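One chain is shown next in C-alpha cells, namely the form predicted alone.
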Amino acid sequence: MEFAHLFSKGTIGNMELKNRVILPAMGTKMNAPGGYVSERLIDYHVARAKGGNGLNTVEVTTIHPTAASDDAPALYDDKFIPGMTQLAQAIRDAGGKSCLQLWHGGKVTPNLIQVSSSPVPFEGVTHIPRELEHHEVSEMVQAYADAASRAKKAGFDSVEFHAGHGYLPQQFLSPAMNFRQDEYGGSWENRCRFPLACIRAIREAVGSEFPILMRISAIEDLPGGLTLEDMKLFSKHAEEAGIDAINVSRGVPSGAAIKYEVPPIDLPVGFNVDNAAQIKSAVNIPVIAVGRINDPAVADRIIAEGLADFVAIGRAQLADPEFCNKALAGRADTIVKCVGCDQGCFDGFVNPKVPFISCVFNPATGRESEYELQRTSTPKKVLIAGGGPAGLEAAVTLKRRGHSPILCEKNDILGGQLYIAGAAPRKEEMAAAALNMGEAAKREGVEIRMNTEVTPELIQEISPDEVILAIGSTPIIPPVEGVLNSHVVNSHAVLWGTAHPEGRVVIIGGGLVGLEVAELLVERGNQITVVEMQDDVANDLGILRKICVMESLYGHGVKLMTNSKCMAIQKDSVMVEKDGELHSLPADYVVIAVGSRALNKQTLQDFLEESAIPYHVIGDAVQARRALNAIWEGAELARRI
C-alpha cells in the first residue's frame, strides 16, 4: 500500500486512530453567535471525517467567560453541551474520532478586558491586559478542568490543552511574558506551576483513561522567550502530569513570529518537523508534527523516519477534504493542494468583513451543504473564453454538474495570472496549482482548445447556449513621459521571462507584483529601487505574506521609496517627486508594475447581446483582483447555470 506508514493505525493513550492524520484546531468563525455550535461547523467537520481524517480537533474552545468571543466556540457553561454533543456525534457517525481544544487566549482574546500573567502587552499592542489575581489563577485552573469534563460528557473522544501560540498557559510559562512576584512567576518551577496545574486538574476531571493532548510552540520566537530546550523540559513535565500526546507548533501572535502559526507559501513544506523530532527525543508519548505538511508523500516520510508519530494536516484538508481518501486510494495526483497563500483561511479569519474562513481552491469550505453539487436537469453547451483560474474552475464545476463546457485559451498554457505568479521567488507552488487546475479539467473531460481566441466568428460556429467571459486582465501602462522607451518593460514580461532587466533597475509600483519582481531581480544580482505613490508598500498583501516579502526585501537591500510619484522616464534615469522635491534615480531599466485592468471585452459583449446569447463576466475580466475572487466567482456562477 502506498503511504503505508501514514495510513497505519496509531494510538494516543487508549484511543486507537485508523491512521496518523490529525485535523488540527484552526479558527474558522463557523460557530453560531455566542459560542454555540452551528450546522456550518458540523458540516465542516463531517466533510473531513468522511474524507478519511483520523482525528478531528475542534478549534479554540473558550473555557472561561473572559475568553468568550463570537468568533470561537465555547464550553465554559453546561448550556453549550447539547450543541457539542451533536458535533461529537456527527463526527463519530461520519467515521471519525473527535478532540476538543481547550483554550484561553489571555491577552490574545478580542475582548476589551483582557487578562494575563502580567500586565504586559505584545509588541505593537497598546491595550494593556489585567494581571490575574491570585485567586483568579486557581479559578482558571478549575475552568480548564470543568470544560474538559463537559467535553467528555458531550461525547468527545479526547481533549487538547492549548499551551502554545502565546495563549494564557504560555503567558505564564514564558520569561518574556511573566513578571509576577508570587509563586506563579520568577523561577522556572514557578512559571511551570500554572500550566502543569491545569494539566493535573484536567486529568483528575476526565479520569485516567481519557486521552489528553497538548499543543505547544516549540520555539517562542520572542526576545528572551522560551527556547526549544525549555520546551523539551516542559514536555517532560507535562508527560509526568498526565499528557498523552504533544502537538508541536511554533510562534506567537506578535511581530514576525506570527508567520509560524499559519505559515505562508514563503516557508518551506514541513519547516517545523525538526522541532517535533527534538520534542519526540525528550518524551515517551506520541508527538504530532505540523507546519505546511501538504503532501501525503511528505507526511508518510515523516512517520517512516520516526520524526513524529502523527502529522497534523490542516489547511491541506481545507483545500481538499478528500485528502486522506484520495491518498489511500492511490489517487494522490488528484489532491487539490494547499499552497499556503493564506487568502481564504488566515486573511479571512482576521478580516471582520469575512463571516468565516474558506479556501481559495475550495470555495465549498464552510459552505459544505449549500455548495454540494447538484446535477443539472437541463444540460447546456457553455463556451468559456479564458483558461485562467476563473475559467478553469467554472469549466470543471459545469462538467461535474452535467453540462458541456468548451474552454478556449488564446495562449499555449493554462492557468493565467496564477501561473505567472508562480515565477516569483518562493511561489513555485502557485504555478503548480495552476497547472493542476488544468489537469483537473482534462481529467473531467472538459473540451479544451489551446491557442484559440474567442471571437464573434467562433461563437457563431460553436453556437453555445451560454458564454462565460473570463479573459483576464492586462498590465496598466501609465501616461508617463518616456514610458514607451526601449528600456521600459512591464512586470508581467519580467515574470514570463520575455524581458530581462539588469543593472540599476527602478520598479514603478510597490504592490504585490512590483515587490515580487523586485525580489526576482535582486536575487539575480541587480540593484533595485521601488517607487510607490502610497505611504506604504505591499498594501495588497495579506499580513503573513507581507512579513515574509518585507524580510526578503530588507535582507537583499532593496531601496523602497514611498509617497513618491514617477514624473518622467529618461534614457538613463527616472525623475521622481517626493515631498515636493524632484529626485533623479539612475536607471538602466525601468519596470512598470502599477497594476492591471480588465481586458477589453466590448466587441464580444456587443455580439452576444445582438445574438441574444446569455453571457457572464467573471474573474479579472471584471476587475483585476486576487486568485480567490476569480476562483470563487467561477465556482458560484457554475452552480447557477
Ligand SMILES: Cc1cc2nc3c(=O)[nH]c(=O)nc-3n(C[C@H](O)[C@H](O)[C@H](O)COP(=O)(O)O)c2cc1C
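Heads up: residue numbers just count along the shown sequence, starting at 1. Only a predicted model underlies this, so the values are computations on that prediction, with no experimental measurement involved.
Just so you know, the form predicted in complex with this ligand exists too; it's not on screen, but the next bit is about it.
Of I219, A364, V141, V262, which one comes within 4.5 Å of this ligand in the model of the complex, counting heavy atoms only?
-> It is V262.
Can you pick the one in P286, P475, G314, P296 that has a heavy atom within 4.5 Å of this ligand in the model of the complex?
-> When this ligand is considered in the model of the complex, the option within 4.5 Å is G314.
Looking in the model of the complex, any heavy atom of F349 within 4.5 Å of this ligand?
-> Residue-level check for F349: yes, a contact with this ligand.
Report whether the minimum heavy atom distance between A25 and this ligand in the model of the complex is within 4.5 Å.
-> A25: contacts this ligand in the model of the complex.
Might G291 be said to contact this ligand in the model of the complex, defining contact as any heavy atom within 4.5 Å?
-> Close contact exists here: in the model of the complex, G291 approaches this ligand to within 4.5 Å, heavy atoms only.
Could you tell me if Q101 has a non-hydrogen atom within 4.5 Å of this ligand in the model of the complex?
-> Yes.
Just one of 593 to 601, 569 to 577, 46 to 54, 59 to 67 has heavy atoms within 4.5 Å of this ligand in the model of the complex; which?
-> One stretch meets the cut-off, namely 59 to 67.
Determine the residues of 145 to 173 with a heavy atom within 4.5 Å of this ligand in the model of the complex and present them in sequence order; the list may be empty.
-> Residues within 4.5 Å: H162, H165.
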